[in-house]
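Next up: just one chain, as structure tokens, the form predicted on its own.
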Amino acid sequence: MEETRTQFLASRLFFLTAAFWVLVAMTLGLIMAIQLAVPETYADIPQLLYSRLRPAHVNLVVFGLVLPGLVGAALYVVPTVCRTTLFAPWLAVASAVLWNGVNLGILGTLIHGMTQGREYAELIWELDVAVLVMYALLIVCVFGTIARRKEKLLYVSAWYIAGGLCWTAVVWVVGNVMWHPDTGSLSGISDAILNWFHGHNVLGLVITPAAVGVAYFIIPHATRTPIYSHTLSLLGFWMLLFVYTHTGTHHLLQAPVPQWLKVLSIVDSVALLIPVFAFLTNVWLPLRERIGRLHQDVGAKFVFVGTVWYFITCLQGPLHSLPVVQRLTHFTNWVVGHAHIAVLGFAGFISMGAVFYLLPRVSGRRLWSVRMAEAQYWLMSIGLIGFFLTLTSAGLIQGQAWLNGEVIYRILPQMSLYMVLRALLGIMMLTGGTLFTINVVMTIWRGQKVDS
């Protein structure tokens, strides 16, 4: 037991990281939601300007909640499927410590206006370097573990986790134009192309591989059912890399981007249905008579719902890439709703589910309160469904009004009710996040020992 606790110290640190920063990220989100409902609320506080809170909120959801939970899970999954111990676990611990330093840097710099000013690539150059260092430490741990594995067949979870770590390094360097530390950008339309190469691939080649890899482990493990086809899973892996790389330009269909690149981005956005359905077929098809087993563990239930949001997200995303649809939806709250179900619904639910499912295994203690986890599940599920419906409806109203030639200020009164609903739903989400924090901390601190 002592060896297990030492081996998975990094996993516990990453889980605690997710438990702490989820409160910060969701608090910033609620402050912004209140500001959208009552714009004058924080008018005299520069650090609470929407233009500063929004990038801080987005980056802390990614680096504060989603990725720490998935990385902590990955550090358990890879040694387990390889039937060995984690290579150089102290490097993973160092990465966890540096990770929290990066989050502090994100919060401190962005709310004080220190930014590169590029969407989803706002971090200053020094923080970009720190991100690469903490990922390099994880790459050494994961590939070192795979290199000394005792299991000859490399399970698909290890493929996705290892691949995602490598893809992150490429996406981060290229997307943040790190060879220009003074500006972190190029000039003209070339910078817009690289910006959206980065922005979309943060989800597709950084977050998605980690989330899919973890789900590929937890759902079969919880239901005691193998995946449908290992060959199909590897097809999905390579197709994800092949088609996702070019999709970012579908955010620039109204910009003077080369036409061939626009067409490629649309075609690849639709082609994303191939790796998505390869994954969903693999984890859903074997559940035909065993789906009830998922409800026996609240963590597994979170992960399964995350795959449902993945399905919805990846139907809406290719639809949104079509020019005829973008005329109605682009630059509206439709896109905001889509982003919430992609990051929080798909990856966030899988991350939180992985924490609940694996925390007893890496801490040697049972989950402190299953009832609290169930309450969080319903609060966040209802809250996210409400977010999606509210923001999608608001976006369709905006898009239709603008297509009919309405000026922006005449649409704003129609948005008031939706922004109030968004703030109220934000309270539900923050309450759920608070329950998550309490449950994780109390499990590690006072949870009943598994062997007692």
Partner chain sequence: MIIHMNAKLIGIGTTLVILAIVVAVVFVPHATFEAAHRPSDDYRPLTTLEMQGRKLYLKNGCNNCHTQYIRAVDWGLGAERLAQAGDYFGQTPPMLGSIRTGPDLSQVGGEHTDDWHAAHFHNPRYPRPESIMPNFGFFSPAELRASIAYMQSLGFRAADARVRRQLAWREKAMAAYAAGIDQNIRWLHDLVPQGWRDVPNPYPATEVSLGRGATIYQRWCLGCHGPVGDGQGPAAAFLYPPPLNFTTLARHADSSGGLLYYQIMNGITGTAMPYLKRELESEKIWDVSNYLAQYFIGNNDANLEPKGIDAAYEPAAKEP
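Residue numbers count along the first chain shown, from 1. For clarity, every value in this text was computed on a predicted model and none was experimentally measured.
The protein also exists as the form predicted in complex with the partner chain; that form is not presented, and the subsequent description refers to it.
Heavy atoms within 4.5 Å of the partner chain in the predicted bound form are found in one stretch of 153-161, 312-320, 75-83, 297-305, which is 153-161. The shortest heavy atom separation between residue 167 and the partner chain in the predicted bound form is within 4.5 Å.
Contact annotation: residue 183 falls within 4.5 Å of the partner chain in the predicted bound form, judged by heavy atom distances. Put simply, residue 242 is close to the partner chain in the predicted bound form: some heavy atom of it is within 4.5 Å. Within this chain, residue 49 lines the site of the partner chain in the predicted bound form, having a heavy atom no more than 4.5 Å away. Heavy atoms of no residue among 293, 369 and 449 are located within 4.5 Å of the partner chain in the predicted bound form. Contact residues in stretch 237-269 (any heavy atom within 4.5 Å of the partner chain, taken in the predicted bound form) are 237, 238, 241, 242, 245, 246, 251, 252, 254, 255, 256, 257, 258, 260, 261, 264.
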